[in-house]
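In the structure tokens that follow, the same protein chain appears in two forms, which are kept apart as structure 1 and structure 2.
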Structure 1
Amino acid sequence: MGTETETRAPSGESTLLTDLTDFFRTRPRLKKLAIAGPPYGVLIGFFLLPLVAMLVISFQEGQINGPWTLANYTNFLGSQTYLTVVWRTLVITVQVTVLVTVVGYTLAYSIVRFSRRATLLLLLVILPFWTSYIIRMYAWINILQSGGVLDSTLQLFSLPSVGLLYTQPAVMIGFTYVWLPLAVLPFYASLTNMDADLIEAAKDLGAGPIKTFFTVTLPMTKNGVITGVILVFIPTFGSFITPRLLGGTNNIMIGMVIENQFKSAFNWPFGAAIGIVISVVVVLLLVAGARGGGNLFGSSGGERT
């Protein structure tokens, strides 16, 4: 074996690499562990353990290391106030998700089907991510406030001012702007992978543009749509900065309540309990949504084979 190694590997470095390769070749279990271990380690260290820690804290009373209790969960689930906030958050999240999905899908479809500069347009879509979230929100404040960029532009055309800041539409605009790139990328990927000949075939068989879209294009890009929806739904549900900076007095979301428990009320266990409940709710909603989405799009699959 040593002679073979020397023949194949002219340098010491290559010899080491070859030895390492041979070492793992004869130990398949160790090889799997070496490949899968690091990502599992990251997931356990940075996701599972914090989640378990949060779960433990949520059963403590008043403070970390306090006595064990179920009160945090019963107080939250038994309070009409908190349940109202959850419902309001859910409504806003669904509205945002639908809006972003429609706008994002249209944008991605246009880029794929009608543009010759797809890379440039995608870059422009991603570009806002290079700027801090907070700075982007303040930019929107400047645009939407009374006498801001939007109002000034409207005045140029002798249109009345709208003063959108601190309203529900301002929150929707902010969310749509922030999450649009997250949705466009998976939409774009799924549309790019779709076989365009199928659209032509549908047309040849007499389907109009709308019927072609709903029977061919949308089902074929189902996975991309679901991915985009998940990427928008989850961060919107837990969001607190956008409604706080752009919204008025009727835009409370559950993320703001959780933040308040940690920063102002100093009741970390209660905040942790709300976080756990909300995480469960979001997972259940997404599972239900994914299943419902599958039925909605029919059984035509969605994978290009």
Structure 2
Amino acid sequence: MGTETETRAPSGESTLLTDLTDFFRTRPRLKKLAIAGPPYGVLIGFFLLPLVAMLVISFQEGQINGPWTLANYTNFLGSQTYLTVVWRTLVITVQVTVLVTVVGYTLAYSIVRFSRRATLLLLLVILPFWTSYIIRMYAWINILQSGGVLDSTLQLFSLPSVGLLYTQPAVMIGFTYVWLPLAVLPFYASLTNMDADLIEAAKDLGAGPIKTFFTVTLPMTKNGVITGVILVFIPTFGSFITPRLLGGTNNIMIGMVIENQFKSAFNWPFGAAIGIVISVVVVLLLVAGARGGGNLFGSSGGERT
């Protein structure tokens, strides 16, 4: 005993760290609480409590602390105008997610399989994140507007002007540009962790490039694909800055409606009700998509760990 004490504290005095270690060693439950408590506290304080507050507000009429009512939900779900906006938002979100997934996966696959400067290329992919979101959107306005950079470039080749600003293609271009890095990173991670010998084995067994990709590469990287899809789908569905700046008033998405209720109409309960409904829809779609993706890729697939 005397030897152990001498090893922990050569000077003969207990340090604060030693006292804390001994304190938690004799109290395992308190030790678990000290380790897991802060993360759970952050989740409760920054995610659960705001969600509960929004849910409570959504059942109030006209203003916060107003009388309780279900009118916010019935007005939203019974309005053909709002449901049309939700459907348009869903269509644009699916289109953007598919486009970003195809482009991002192709880019990540090329970096992993054919490039010797993966670090430099990944740096170029995430470089736009170092610039403000608003500045990037205004840069695209200068590119896509009539007489902008795109039209000037087309005129150099005697091609007609296109003036894409305030159109749905402009919104999709903006979303693709913004969310592409979020998709490339999980795609790259899953492709890097995949066992490349499996591809060579499939080729040795007579599988062509396309069959090898759909039977080996894609199933083995399905977790990265699902992660990338989620990272693109959720922010696109609730976004309002990109469609407002690049799509104008002809491409209203549900995020713009929610923003208008909070900032212009000052009808927070109705905006909160729309937010709750949209959150439920997104969660259900993601759960269905994750299960459908698992069945599509097969139960035998998975990343190497």
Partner chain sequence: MSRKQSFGRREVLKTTGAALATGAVAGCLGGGGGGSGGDRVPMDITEWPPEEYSSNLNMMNWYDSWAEWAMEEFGNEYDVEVTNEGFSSPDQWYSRLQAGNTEIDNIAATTNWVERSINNDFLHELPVDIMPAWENVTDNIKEASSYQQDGSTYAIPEALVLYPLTYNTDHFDAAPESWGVLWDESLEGEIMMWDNSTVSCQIAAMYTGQDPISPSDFDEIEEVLKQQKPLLRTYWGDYEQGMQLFVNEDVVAGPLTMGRTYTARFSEGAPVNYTAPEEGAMFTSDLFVIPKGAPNPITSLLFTNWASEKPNAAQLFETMGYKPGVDIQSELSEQDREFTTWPSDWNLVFSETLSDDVRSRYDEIWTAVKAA
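Rigid core: the largest C-alpha set superposing within 1.5 Å between the two forms. FYI, numbering is relative to structure 1, first residue = 1. Only a predicted model underlies this, so the values are computations on that prediction, with no experimental measurement involved.
- The second of the two standalone chains is derived from the form predicted alone.
- With the core superposed, Gly248 shows a C-alpha displacement of at least 2 Å between the two structures.
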